[in-house]
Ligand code: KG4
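Only one chain is included here, represented as structure tokens and corresponding to the form predicted on its own.
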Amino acid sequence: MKILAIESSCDETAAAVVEDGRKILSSVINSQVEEHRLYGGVVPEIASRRHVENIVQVVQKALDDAGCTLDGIDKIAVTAAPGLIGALLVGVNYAKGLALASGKPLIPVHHIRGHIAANYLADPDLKPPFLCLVASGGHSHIVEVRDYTDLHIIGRTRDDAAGEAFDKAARAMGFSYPGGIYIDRAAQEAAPDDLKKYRLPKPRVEGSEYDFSFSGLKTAVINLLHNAQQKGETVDTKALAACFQKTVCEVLVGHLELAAQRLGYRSIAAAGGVSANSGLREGLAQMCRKNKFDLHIPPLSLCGDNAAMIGAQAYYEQLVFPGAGWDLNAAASMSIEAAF
């Protein structure tokens, strides 16, 4: 089964053709990051307008790269939630138009379910059940993937997501957007002793040992920088970036390890944009080696937003759910546990 998938939840206009949920026939991504960098973050109105301008060409290229026409597509999938509502609406309405014009069934997909499904493209042998850490700009979850469409959140952020904390801390350090990449690069250039140079808090949520809270950590970095500035002191940015990254990764990995041990999971996965972070990938690898867990992480090309992951999840969604009608609407927020 060939599925044409469309993703437009934030600032990437993406389309892909995926076969049987496991094989990428094409994947096209048009990124707006250079434009949004001028403003220090994504501007929703600009993102929506660029999706409108780019979506026709991106979808056509995905079909061309896959060597097929719309007639050769079995079903059409689209990210319908969560995300920037204006951006989502562009993809949803375009997908509805394609489905109506071609007579193809329409499959709505949850964006975060798609991130988890990127692992199916990276590892054809991976099957549920497994425990997945989802870390991105807007989400930090620990998810029990009981089956392809049966997912249960056991841990979540109570305030800032990990990626959001990276971006805000990076801005305070003087890095450009998207900040997570620059913190990772700076951390890799730091000396081993730099990891002990700045003491940062590891926030915990009392009574919810799997939940995350990164707001206090972000604020600690901002306060450290402001205090140094007021005193005329110089901050070692590379060392601070390394300490910040180490702290975030230790919290993410530590909570995931605890959940896996207590719930009896031996198969561990990671997903989302922050899973591209070198410190997190190394921390997960070390933790899984220590516990003899099987670790699954997508390649860097599948960590960020893309449509191939949406096509992968769509294959399993359509095996269980009937698909969407013409009344399908986008939703800015929606639990990963809910079905359309």
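When you see a residue number, it is the position in the sequence shown, counting from 1. Here the structure is a predicted model, which is why all the values come from computation and not from measurement.
Just so it is clear, the following notes concern the form predicted together with this ligand, a form of the same protein that is not shown.
Engineer: Looking at 213 to 221, 90 to 98, 231 to 239, 130 to 138, which one sits within 4.5 Å of this ligand in the model of the complex if you count heavy atoms only?
Structural biologist: Within 4.5 Å of the partner lies stretch 130 to 138.
Engineer: Can Glu257 be called a contact residue for this ligand in the model of the complex at 4.5 Å between heavy atoms?
Structural biologist: No.
Engineer: Is Gly272 close to this ligand in the model of the complex, meaning a heavy atom pair under 4.5 Å apart or at it?
Structural biologist: Yes, Gly272 is a contact residue.
Engineer: Is there a heavy atom of Leu200 lying 4.5 Å or less from a heavy atom of this ligand in the model of the complex?
Structural biologist: Heavy-atom contact with this ligand at 4.5 Å: absent for Leu200.
Engineer: Does Gly180 make contact with this ligand in the model of the complex, using a 4.5 Å heavy atom cut-off?
Structural biologist: Yes, Gly180 sits close enough to this ligand in the model of the complex that at least one of its heavy atoms falls within 4.5 Å.
Engineer: Just one of Asp194, Asp160, Asp184, Glu144 has a heavy atom within 4.5 angstroms of this ligand in the model of the complex, so which one?
Structural biologist: Only one listed residue qualifies here, and that residue is Asp184.
Engineer: Counting only heavy atoms, which residues in 143 to 173 are within 4.5 Å of this ligand in the model of the complex?
Structural biologist: Sequence-ordered list: Gly163, Glu164, Phe166, Asp167.
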